[in-house]
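So this first bit is one chain, no partners, the form predicted on its own, shown in structure tokens.
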Amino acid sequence: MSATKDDIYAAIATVIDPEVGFNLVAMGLIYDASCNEEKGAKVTMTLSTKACPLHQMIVTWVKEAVTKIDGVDSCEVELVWEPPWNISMADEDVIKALGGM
């Protein structure tokens, strides 16, 4: 049985952006996730800025978190810049903590 979108989001929620201290899901950086019958997951995500110095590390952390799920053997991360991330995409707690809106 392959992992669900909720399973993948839950795994990614364990990945904390060290610059702001919130998980990637709460920050609104994860745009989509799926897993096919061959146990291959795909995550579509962005970063808060194209100049993120932790770009490669964050992508690696996402892959590691997702491949720990039962029913997932591999994970492809597609990094996109459209739509561009902005603070309004984050959970209310993140917005308040970061002083947005």
Partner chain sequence: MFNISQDFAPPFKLIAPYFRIGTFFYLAASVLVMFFGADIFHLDVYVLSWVHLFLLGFVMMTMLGAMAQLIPVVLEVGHFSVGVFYFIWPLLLLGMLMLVAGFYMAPALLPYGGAVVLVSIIIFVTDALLTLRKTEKLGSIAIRGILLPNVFLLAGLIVGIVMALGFTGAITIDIHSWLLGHVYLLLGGYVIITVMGLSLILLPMFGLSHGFSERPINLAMWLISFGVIAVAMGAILGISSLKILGFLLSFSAVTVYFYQLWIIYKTRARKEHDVWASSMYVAFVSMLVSMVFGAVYLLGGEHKYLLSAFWVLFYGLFGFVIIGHLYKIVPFLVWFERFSPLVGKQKVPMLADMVPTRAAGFQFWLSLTGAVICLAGFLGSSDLVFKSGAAFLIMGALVLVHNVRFMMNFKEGL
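Bear in mind the structure is a predicted one, so any value in this text is a computation, not a measurement. Numbering follows the first chain given and starts at 1.
One more form of this protein exists, namely the form predicted together with the partner chain; it is left out here, but the text below deals with it.
Proximity to the partner chain in the model of the complex holds for all of S48, M57 and L98, with the criterion being a heavy atom within 4.5 Å. Taking non-hydrogen atoms only, Y31 never approaches the partner chain to within 4.5 angstroms in the model of the complex.
In the model of the complex, no heavy atom of G71 sits within 4.5 Å of the partner chain. Put simply, E19 is close to the partner chain in the model of the complex: some heavy atom of it is within 4.5 Å. By the criterion of a heavy atom within 4.5 Å, A26 is excluded from the residues contacting the partner chain in the model of the complex. With contact defined as any non-hydrogen atom lying within 4.5 angstroms of the partner chain in the model of the complex, the contacting residues in 71-93 are V77, E78, L79, W85, N86, I87, given in sequence order.
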